[in-house]
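Before any questions on binding or motion, here is one chain by itself as structure tokens, the form predicted alone.
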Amino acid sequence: MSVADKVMELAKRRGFFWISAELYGGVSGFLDFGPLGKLLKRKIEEKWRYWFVLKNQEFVVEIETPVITPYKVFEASGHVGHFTDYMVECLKCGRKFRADHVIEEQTGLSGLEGLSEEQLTSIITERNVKCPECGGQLGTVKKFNLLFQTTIGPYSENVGFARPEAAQGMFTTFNRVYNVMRNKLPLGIAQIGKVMRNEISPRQGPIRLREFTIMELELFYDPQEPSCHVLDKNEVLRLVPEDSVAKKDLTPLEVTVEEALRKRLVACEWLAYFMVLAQKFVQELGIPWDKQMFVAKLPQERAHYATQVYDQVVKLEKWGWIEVSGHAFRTDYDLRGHMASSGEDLRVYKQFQSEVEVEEVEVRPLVDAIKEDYETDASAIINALKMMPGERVLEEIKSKGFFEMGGYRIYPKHVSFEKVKKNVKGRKFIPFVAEPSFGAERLVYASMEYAYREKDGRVILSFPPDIAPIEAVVLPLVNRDGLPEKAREIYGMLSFRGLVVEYDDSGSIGRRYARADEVGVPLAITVDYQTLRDDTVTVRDRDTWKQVRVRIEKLPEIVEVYIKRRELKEPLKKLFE
């Protein structure tokens, strides 16, 4: 039995997670989290909040926005047009699958994400790829939009979507949050919440879900002031850059941040900063540094909004290298899209100390051409173009052949450009954005797999103490002679301090230790006859099985320090040496 199978069996049996709607046969892509799984997931979310929000609270705030979002938002963001995967249907049994996954599983080919429907169909035909369920012939590959669609209120025309990312909530509220935070950049807006993606055929348990919790941050900064004041450029990143990915060489380079930026392996300092944090955060979940790396996405594989993307991947026994976070350089793509669709000016104004002369490239919309192609939307497009930074529009038209904003593509025939000199007291600009985005459920599973070990025939989940679902268990040695009463008193004392504590008096003491080890409880506190004489208890370490005597009055402080203040954990380990 593989470690993955053992972890999945343990997760179900001990109440971490299992497939949802199990009573009715289950539904793939949805999980129920039981008591222990909910605690573990919550602690991982809290640790992410510590690393990405609280450690950066000088410039990062957290908000909450709705899961259901109006159609117009995701039309403006490009998700209606671009948030798709390729689907193929079995002509015999009628089952539908994600085309690139079926091809990869049966042929070993990789790097298929950028291929078209026609190219994928050709591979299926040439390689004789069959239905993985019944062996039947597969049909033509088609596009499938991953947005979950619904209606808002009783009117069928009032279409909405369950958000596939939390990011758009940060973009649509940017102006208001920016004003609340006294108009200061850089500004990070973070959010933890549910998102939904209508995956075609999720078949990897907790790895690929249709509903999951995302932990996301959008960092807005001035593109003319891109330096990150909290970045240590001596930190080392494990990267597989784009040129290596193109050669199918996934051997990571170990480079300093300074080198990665100098060689343009990482597009901006803020992206590098969050990648450094991500390495440390994932390492603190128990996943070693050498079992994680960042793999670049090739241009044809990247999300439509990004000019650079690195996936942070970790090595799992059954599924190989699996993404746990994505790091995207989104530039000004989203804000300019919402400006074009809403008509609102989302630019930031920066006051100069004195009036200066500047030379700028201004966009001149060619009204007739825009009206001919966009008809009723022409007026909104013309107004939005007047607010766009001319240099950006010109740069993108030269590099890509078009400039995109809010689902509209502006081609050379739609605009002209003019260099103008003028005296100004300030400048307006659209902030650039760097984004780290994490999936909580994948981290729950990865943490469990790396915590899983066996010792003398027993299962132990060696979680880092601060993410262990239960922090301590209180055990009376026997169920008589006043020991249960004393144990209950200690249990209440620890619970009152806000610790997550379990009381267990069922079965032999050895069996109770084994139960606690199996769900990762770091400390087991045993109340015995000596406790009644001198007010001391036995504290047992989950990983070493060593025990020490501790005075009851010191117990809350010892448990709190051991569990919650990890920087002070090492001296406490000496208790068990």
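Think of the rigid core as the biggest set of C-alphas that the two forms share within 1.5 Å after superposition. Quick caveat, the model's predicted, so the values are computed rather than measured. Sequential numbering from 1, following the sequence displayed.
Just so you know, the form predicted in complex with the RNA exists too; it's not on screen, but the next bit is about it.
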Quiz item: Just to confirm, residue 284 within 4.5 Å of the RNA in the predicted bound form by heavy atoms?
Solution: no
Quiz prompt | residue 480, heavy atom within 4.5 angstroms of the RNA in the predicted bound form | solution = yes
Quiz item: Taking heavy atoms only, is residue 201 within 4.5 angstroms of the RNA in the predicted bound form?
Solution: yes
Exercise. Although the RNA is absent from this view, report whether residue 19 comes within 4.5 Å of it in the predicted bound form, heavy atoms only.
Key: yes
Quiz item: Pick from 153-161, 227-235, 300-308, 359-367: which stretch has a heavy atom within 4.5 Å of the RNA in the predicted bound form?
Solution: 300-308
Exercise. State the residue from 409, 318, 371, 386 whose non-hydrogen atoms include one within 4.5 Å of the RNA in the predicted bound form.
Key: 318
Exercise. Go through 488, 127, 194, 96 and name the one with a heavy atom inside 4.5 Å of the RNA in the predicted bound form.
Key: 96
Self-check item: Those residues of 526-542 which, in the predicted bound form, come within 4.5 Å of the RNA by heavy atom
Solution: 526, 528, 529, 538, 540
Self-check item: Residue shift check between the shown form and the other one, rigid core fit, residue 453 Cα at least 2 Å
Solution: no
Quiz item: Under a superposition restricted to the rigid core, does residue 143 display a Cα displacement of 2 angstroms or more between the shown form and the other one?
Solution: yes
